[in-house]
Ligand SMILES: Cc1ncc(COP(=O)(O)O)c(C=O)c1O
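One chain comes next, on its own, written out as C-alpha cells in the form predicted on its own.
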C-alpha cells in the first residue's frame, strides 16, 4: 500500500464542537446531525516547501494529496479531474475597468465541477469499505457519482427530481447506476432517497451530508491560490450557489493556506442565485444565521433549484467570513449570459454556470465590485446539453403575460 501522506486527523462539527475519528464511514455529526468537516494536522508540513513541491506533480487535483482525506494511493478513483484552465474575459459589458477571469470547470470529466467532489468522496468511501452509494441530485452530481461509482466498481443509486431531462437519466444508467425519479425538487428527492435507503446498507453522498465532497471542492480554491502565486489572488470570486459546497470548500482552502503561511487574505466570495430560488441571498440580506426554505421555488437552472440547502450555516459563514455577499439574477439573464459567453468568448456554460457572468454588472452597479479589481467567475459546468432556443421558449410559456 502506497501512502498519500494525507494529514487528515479528525472530523469536526462546527455546530457542537464534536470531534469524530475519521477512519470509518460516517455521515453527519452523531451528536447533533450537522455537517462534519475534515481537520488536518498542518503542523506536520512545511508550507512553503510543500507549495514548491507541487510544480513537479501531475496536473490533477490529487497533486494536493496531503490536504485531501484519502490515505492510500491505491484507493484513489480518478478520471484525470482538476487543474482546469483560467481564461481572461476582456471588456465584459457592464463591468468597465474590472479585470475578469473565468475558471472553466466545464472541461472537467463528466462536464461539471461535481467531478471534483465525487472523485474525492467516492475514493474515500471505497477506502472505508462502502458497499453501495446513493444521492439525490439535480443532475450533474448524479452523473458524476454514477461515473466515479462505475470507475470504483461500487453500486450507485441516484434519486432525481422527475422534472430532470430524460438525457440525464440515460447518462446515469449508461454508467450502470440505478435511477429513481421523484416528484418535486431536490429536497423531495433527498427525503425520498433517505427513506428508501434506510436499512439497505448504502452510504449517502449528498452535499455536506458526508464529509468529503467538500474536500474535493476545496481544490477549486487551492488551484486559484496556486495560480495566484504568480499573478496574485483575485479580489472576488462569483459562484453559482445551489447546495453551496463550493463556497464552503473554497473558504476552507483559503483558511488552511493561511494557516500554512501561503495566503495572506481570502478573496471575497459572492453567492449568485436565481430570483425564483434564492434562500442563501435572502439569508445574507436579512442577517439570518441559517436559511429558511424558499416558497414555491422555480428556475430553469436545475442545479440552482435548491430551496433549503443543508448546513446553510457553513455556507453563510464562508460568505460572511470572506466579507463577500450575494445577489440574484433572472432566468432570462441566465439564458442571455449563456449565449454571450459562447459568442463573445467561446465559452460553453450551463444556465447555472452562466449566473456569475449575468450577476457581475449587478454587483458593479451595487458597488460591491469596483473598477481596478480582479474578479473570478466560476464556470461550474458545460452548456453542451442545453439549447438556448428551447430555454427561451420555456421562458415565454411561463411568462406572467402569457
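Numbering follows the first chain given and starts at 1. Just so it is clear, the model here is predicted, and its values are computed rather than measured.
There is another form of this protein, the form predicted together with the named molecule, and it is not shown here; the text below is about that form.
Stretch 107-115 is the contacting one of 176-184, 72-80, 107-115, 195-203, since its residues have non-hydrogen atoms within 4.5 Å of the named molecule in the model of the complex.
Not one of 274, 328 and 357 is positioned with any heavy atom within 4.5 Å of the named molecule in the model of the complex. Think of it this way: in the model of the complex, the named molecule has a heavy atom of just one of 299, 322, 84, 140 within 4.5 Å, and the residue is 140. Of the listed positions (190, 234, 279, 303), a single one reaches within 4.5 angstroms of the named molecule by any non-hydrogen atom in the model of the complex, namely 303.
Although the partner is absent here, residue 241 is a contact residue: one of its heavy atoms lies within 4.5 angstroms of the named molecule in the model of the complex. Of the heavy atoms in residue 217, some are within 4.5 Å of the named molecule in the model of the complex. The named molecule is not shown here, and in the model of the complex it never comes within 4.5 Å of any heavy atom of residue 146.
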